[in-house]
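Okay, so here's just one chain, in structure tokens, the form predicted alone.
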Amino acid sequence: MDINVVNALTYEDFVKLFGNVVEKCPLIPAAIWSHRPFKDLADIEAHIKEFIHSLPDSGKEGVLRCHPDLAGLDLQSGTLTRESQEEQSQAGMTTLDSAESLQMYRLNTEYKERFGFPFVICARLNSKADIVRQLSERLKNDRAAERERAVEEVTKICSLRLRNIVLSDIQTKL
């Protein structure tokens, strides 16, 4: 997608197009729209990261709470966003056997009880085994370290989603 097209988008169209690059947080693209004109996609990404990192800890945790549990209730009930469904599917989270599902449920519950927000990892960059391993390992972190780690994962997800929007647009024009 040409950056001039992005810069020409109305506020409403910009938020509609980029509204879920951070899971269920259309406020974030809404907040950065005023920074137009963007130089390129990396500039959009930088503004999103800057916005998230400038939030107080409670705001960062609010962003994290917008994310679903991996292989959790939203997946089972079909209420995941399209993006999360694709990402969890790519990581193998949609094909867990009953023992794996039980393990994920137990780990997700323990994680949320410990930190107060769901475990966030860029599923597209990890396998099912990596996700389980990191979930177990990250339970050992303190809250501040884990919040920052989870926010970094959010920015990875955002980056891939931004690129996906651009690629999808290019593919439709070809």
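Computed from a prediction, not measured in an experiment: that's the story for all the values here. For every residue, the number given is its place in the sequence shown, counted from 1.
Heads up, the form predicted together with a further copy of the same chain isn't pictured, but that's what we're talking about next.
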Note: exactly one of L27, L41, C122, L107 sits with a heavy atom within 4.5 Å of a further copy of the same chain in the predicted complex, namely L27
Of K49, R138, K128, K112, the one that lies within 4.5 Å of a further copy of the same chain in the predicted complex (heavy atoms)
K112
Is V132 part of the interface with a further copy of the same chain in the predicted complex - any heavy atom within 4.5 Å?
no
Look up in the predicted complex whether H35 has a non-hydrogen atom within 4.5 angstroms of a further copy of the same chain, and give yes or no.
yes
Since only the chain is shown here, I'm wondering whether D69 would be in contact with a further copy of the same chain in the predicted complex (any heavy atom pair within 4.5 Å).
yes
Determine whether any heavy atom of R65 comes within 4.5 Å of a heavy atom of a further copy of the same chain in the predicted complex, and answer yes or no.
yes
Even though the chain is shown alone, can you say which residues of 142 to 168 have a heavy atom within 4.5 Å of a further copy of the same chain in the predicted complex?
R143
